[in-house]
Structures are given as structure tokens and as C-alpha cells.
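Single chain ahead, written as C-alpha cells, the form predicted alone.
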Amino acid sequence: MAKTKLIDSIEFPAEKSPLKAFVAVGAIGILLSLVGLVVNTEQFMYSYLTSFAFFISFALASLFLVMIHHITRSSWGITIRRIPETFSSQLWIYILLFIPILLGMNYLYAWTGDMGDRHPFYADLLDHKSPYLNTAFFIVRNIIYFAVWSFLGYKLYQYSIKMDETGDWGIDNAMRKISAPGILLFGFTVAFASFDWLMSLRFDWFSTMWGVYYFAMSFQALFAFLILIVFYLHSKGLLLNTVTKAHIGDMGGWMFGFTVFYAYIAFSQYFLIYYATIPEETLWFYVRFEDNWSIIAAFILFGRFIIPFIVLLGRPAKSNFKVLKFVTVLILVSHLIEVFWIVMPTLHADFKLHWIDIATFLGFAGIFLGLFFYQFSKNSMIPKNDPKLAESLNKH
């Protein structure tokens, strides 16, 4: 095994941490959100669910990326692996962040029964789905989801840190043994979580592709987010020779690949429903293609697929930092707008941006990024004793 030679400092300098800024942003967002909870509880619940589904998507996609790295024993992403490891290690936090959704279920989900008057013609359908769509089972399912994710994310992170400290390469095998069944559990839990959180906002609607649709949009957005974090670290003079242009080009390639995969899944879901023309299936899209929502749908189409696909089609663009900055920001904005487009038509017939939407977003952003940089600065920014690190550092 080649000896690992590090040129950069791999410790995050405390003076370069944006932690205080994110704490301030988060505090402002939380205070405004509490005001929104009091003055307009229903709007707050939908805004909160939108921000929750957006930010947890990065943590879940990070967990999948970490497990894929372990079971494939890939080397290209070793130098950036500590970033998704940190995100996924904090999935347990979302257990606490999910509590407001449990407390506000009656505002979000008509199937809870207290809002049945919104769907007076679907009483029989609600009875048919009640063995699955009931409050007690909903809570039990989500406890299982978060238990699985929290265990996988925390355990893999702790093993990685232990390898930093001990240099024991046998830990690499232990992480692969966790990741192999973890991938299977991840697939089932994320699919059903997306059914519960988002699809059941309209209990009369269903899609067998919804789970992979939520995964595809999340995984595409993750690579955009990872690239921006690397650019931020480079702007602070960190990991300049460790996370190189070659690594960034690989992330650009993954982002391009999942741009195509996302488009394939999203179009397949739409096309099957369009072709079948079953009323209870088409209504979901009908509402989102009407009035101002049609403009949002067009923006998503161009922002998540057409523009990124055309721009990143050539190989040089995937390593062009200016191009990547533009595309990554566009994808992240489109990802947020798409989650908004999924959630909000249940509440509003026309598109409208409420100040509570901004407040909950700021609150989640402060918590999400503040916790990330707090944890990220506590340990090495890369897995410094990973057996494949030398191969990753020599990548050109």
C-alpha cells in the first residue's frame, strides 16, 4: 500500500468557521417561525414540512453515498467522504425536528380524520386505506425510519473517526459489513418515509415511483451541495491540494449522471399517469400545472434538467469551476422550489410565497449548517488513515 502523503492541513481552523453566522441566522429563523406558529398555524405546518423535507434530503442522500463508497471500495471520493459522513451522522437530530410535524398532523394530513370535510367524497377510500394511514402506525413507522438512519449514520461516522485515531484498517471491513444490509434498509425506509411525509398529503393520490423519485431528486441535489462546500473550503485556503480538480470533476460527473436519472424517473412517473388517465392519479398533476403553479413546474423542468444537462454535457464543463458554481446553485434552488411545489398546492390553489416559508427555511438552514460546521471542525476534514486515501490523493 502506498504511503499517504498530505500537503494540506486537514484540521478545520476555528477562526475560519462560519458557525456563529449560522447560529445567528438559525436563531432569527426560529424566532420568526415561532411567531408564525402563533399567527398562522396551518401555514406554519406546511412551511415547516417543506423545509424539513428539503434539508433532511441532503442528510439521507449523504448516508447513501457513504454506504455506496464502503460497499464498492471506491477510492475517488475518499477525500470528500468526511463531508457526507458528517451530514449523515446528524440524522438523529431530525427525530427532534420531526416532533412538530407529529404535533401538527391534523393540519397537514386529511387522513387523520379531523380534516375529513376537505374530502367529503373520499370516505370509502379513507376507510380502505385506514389500516396504513392512521396516526398510531404513522408514528411507529417513523420511529423505525429514524432509528435505522440514526444507527447507520452515527455508527459509520464513529467507525471512520476510530480509524483516524487508531489506523486500524480492519475497521474498513466492519464499515462494509454495516453498509451492505444498510443499503437495503435505506431503500425501504426512505421510500416509505417519502410516502408518509409527502405523498399522503393527498391520501387519494398514489404513485408507485414516488420513493425513487424523492431519492433521485435528493441525490442529484447532494452533489451540487457537496461541490459548493468544497468551493467554500477552497475559498478559505483549505484542502486545495487534497480535494483537487479531478475530484471536483468526478462530483460534476455524478451530478450530471443523476440529473439524467432524475429526469428519467420524473418523466416516467408523469408519463405513466398521463397515459393511463385515471382521474384520481391525474388530479395531482392537474393542480400543479394550473395557474401560477405551471410557471413553477416550467422552472423546475429547466432548472433541474434542461439547463444542467446542456451545460454539463461536455466533459470540460464538469471541471470548470465557474460553470459548476452556476449549475450547482441552479440545481439547489430548483430542488427547494420542487419540494415547495410538491407540498404547497395542498394548501394554496395559486402559488404564493409566505414570510413563514422564509422563516422556517432560515431556521432549518441555521440548524443544518451550524451543526455541520460544529461537527466538521471537531475532527480531521478527511479520513486520514483510510487505506485507499493514497490512491485518492494520486488521482489526476
Partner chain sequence: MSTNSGYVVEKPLVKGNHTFSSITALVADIVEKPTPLWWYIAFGISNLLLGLLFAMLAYLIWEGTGVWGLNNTVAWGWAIINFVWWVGIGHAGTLISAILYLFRQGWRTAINRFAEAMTIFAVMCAGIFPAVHVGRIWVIYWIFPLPNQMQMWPNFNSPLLWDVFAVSTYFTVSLLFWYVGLVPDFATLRDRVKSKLGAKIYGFFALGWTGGNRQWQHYEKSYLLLAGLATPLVLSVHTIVSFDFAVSIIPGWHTTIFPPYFVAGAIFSGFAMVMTLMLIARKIYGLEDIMTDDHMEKMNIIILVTGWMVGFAYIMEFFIAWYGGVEYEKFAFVNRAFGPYAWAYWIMMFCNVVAPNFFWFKKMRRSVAVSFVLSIVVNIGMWFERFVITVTSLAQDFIPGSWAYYSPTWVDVLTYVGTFGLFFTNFLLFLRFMPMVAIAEIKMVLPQADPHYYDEDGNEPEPVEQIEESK
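Everything quoted here is computed from the prediction, not taken from an experiment. Numbering follows the first chain given and starts at 1.
Keep in mind that the form predicted together with the partner chain is missing from the display, and what follows is about it.
Heavy atoms within 4.5 Å of the partner chain in the predicted bound form belong, among the stretches 206-214, 147-155, 86-94, 227-235, to residues of 206-214. Not displayed here, the partner chain is approached by H128 to within 4.5 Å at the level of heavy atoms in the predicted bound form. Within this chain, L240 is remote from the site of the partner chain in the predicted bound form, having no heavy atom within 4.5 Å. Put simply, I265 is close to the partner chain in the predicted bound form: some heavy atom of it is within 4.5 Å. Among residues of the shown chain, W169 is one whose heavy atoms approach the partner chain to within 4.5 Å in the predicted bound form.
Although the partner chain is omitted here, in the predicted bound form all of W254, A276 and P387 have a heavy atom within 4.5 Å of it. The listed set K325, R73, K245, K162 contains one residue whose heavy atoms approach the partner chain in the predicted bound form to within 4.5 Å, identified as R73. With the partner removed from view, the residue among F289, Y132, F302, F321 that has a non-hydrogen atom within 4.5 Å of the partner chain in the predicted bound form turns out to be Y132.
In sequence order, W169, G170, D172, N173, A180, P181, L184, G187, F188, A191, F192, F195, M199, S200, F203, W205, F206 are the residues of 169-206 having a heavy atom within 4.5 Å of the partner chain in the predicted bound form; the partner itself is omitted from this view.
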